[in-house]
Ligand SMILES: O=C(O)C[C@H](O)C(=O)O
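The chain that follows stands alone, in the form predicted on its own, written as structure tokens.
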Amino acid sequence: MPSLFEQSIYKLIVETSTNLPADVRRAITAAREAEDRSTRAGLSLTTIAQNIEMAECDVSPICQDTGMPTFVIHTPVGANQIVMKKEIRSAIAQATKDGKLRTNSVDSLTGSNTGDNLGPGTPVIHFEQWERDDIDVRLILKGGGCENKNIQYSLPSEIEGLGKAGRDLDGIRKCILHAVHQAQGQGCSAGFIGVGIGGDRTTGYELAKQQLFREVEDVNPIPELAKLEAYILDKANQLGIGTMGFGGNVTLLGCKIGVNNRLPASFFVSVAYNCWAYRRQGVLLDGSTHEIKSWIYEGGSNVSMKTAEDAVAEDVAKIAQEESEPAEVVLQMPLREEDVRRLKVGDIVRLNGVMHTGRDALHKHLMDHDAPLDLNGGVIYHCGPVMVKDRSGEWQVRAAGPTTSIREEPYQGDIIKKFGLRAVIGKGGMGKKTLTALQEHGAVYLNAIGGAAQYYARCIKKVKGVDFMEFGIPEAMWHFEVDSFTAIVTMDSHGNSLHADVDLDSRAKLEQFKDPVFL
């Protein structure tokens, strides 16, 4: 029987993974109100809102990438942190087994997945003592897609699009704006950022991540930083990057900045980017019984009279009305070249039939080996799902949103040509090599809504099979039968890329903030 401490930690893990706090929900609601509903960005925000509700109702992961679980724990003097760490690890393993966390702990040398989220360095647990009797436990689940968009600057520096950034508030301002711009849609915008000024390279990043534990609506106690936070939030939303990088009015949902002292020779600005699926929660435990006394962040709950399908269908209808033409194209997989070549950037596609997942390990493998089945006309989905077996031994999909596609850029063009693929699904777009292959071969890139793991899980009607389980569940090649799997063409077979267009446009808008600003 798990201890009360372990039970409380398990409840915290489940709540953090499946239910966004109220302050995050309010920020997303405000974003929906600020965005034009008859646009692809508006449709994305509607899908996001419905996904949040689905995750809460099903008690399933909001996003399939549950990240590197990171705990910050304040304990009374004399508390046995060794036992606490052991019980936290046990709770993590149980939550993983129950499908509340994805198997995310991978040996850095062999690539082997531990299968239980335990291993050297995982989970991350920071203990601090305080002179109180209660125990404060906070947890953040920050996925790999947004973790990869973290960035650190060393001032003075020349910042692309913004010019020289000195060791002052104006230089810090330029770093933060550039950090938002470089993330584009790859970090599942609209997002949140935590910023750490000062420290060394390690403590700067730690300070930046600590800012993500702040309330979205709080006000920085340092007046200069309060002004800078408000400035960044305003100007970042003028860059036109928008939700998922589709262009639009809302790119950033929150900005929190902290400051530490530094060495005279060093001036670091560290930025921790977090996607819209801002999963952090905390509990205050009784120091004696370890029962939960209260939750740190106000709990969130959505009440909706519409199904996800109805809400999304309404936005699709608005897009069609605005553009005076059909907004959707329904296709059966495997796809035909003539159907794919008729698609253009901006088309909303609903796919039916069988698709196959593939991430880093699979793409690397397929470069030198045959596929386990015929992929001609097929669709590869950049996805590392959360999978569990039911009592009968059948695989069930618990979460299945897209992963960031740019990691596959070294392989994707060759894989498309070698196996005759007609579509690739992911998020954040891909580069010139893939775009060229799409044009030459007659294929498209479809951008699914990042983080919408429950929305897409419901599109999967059957697990047809799996190959390469030796790669681990996220990296295995799953074969899914899907119905009405919705994504947006953002790179077509005519050489057009929405991602390249938005990047170019937002870069021009970034340059308008080049001149010094005295906050």
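Note that residue numbering follows the sequence shown and begins at 1. Keep in mind the model is a prediction, meaning the values are calculated, not measured.
Form predicted in complex with the ligand: not shown, discussed below.
Looking at 417 to 425, 88 to 96, 108 to 116, 404 to 412, the stretch with residues near the ligand in the model of the complex, meaning non-hydrogen atoms within 4.5 angstroms, turns out to be 404 to 412. When contacts are judged by a 4.5 Å heavy atom cut-off, Lys174 does not count as touching the ligand in the model of the complex.
Contact annotation: Gln64 falls within 4.5 Å of the ligand in the model of the complex, judged by heavy atom distances. Residue contact check for Arg138: none of its heavy atoms lie within 4.5 Å of the ligand in the model of the complex. In the model of the complex, Gly429 stays away from the ligand, with no heavy atom inside 4.5 Å. Residue Gly143 is the only one of Gly191, Gly194, Gly204, Gly143 with a heavy atom lying within 4.5 Å of the ligand in the model of the complex. Of the residues His356, His178, Arg398, Arg359, just one reaches the ligand in the model of the complex with a heavy atom at 4.5 Å or closer; this is Arg359. Residues from 363 to 384 that approach the ligand in the model of the complex with a non-hydrogen atom within 4.5 Å are limited to Gly384.
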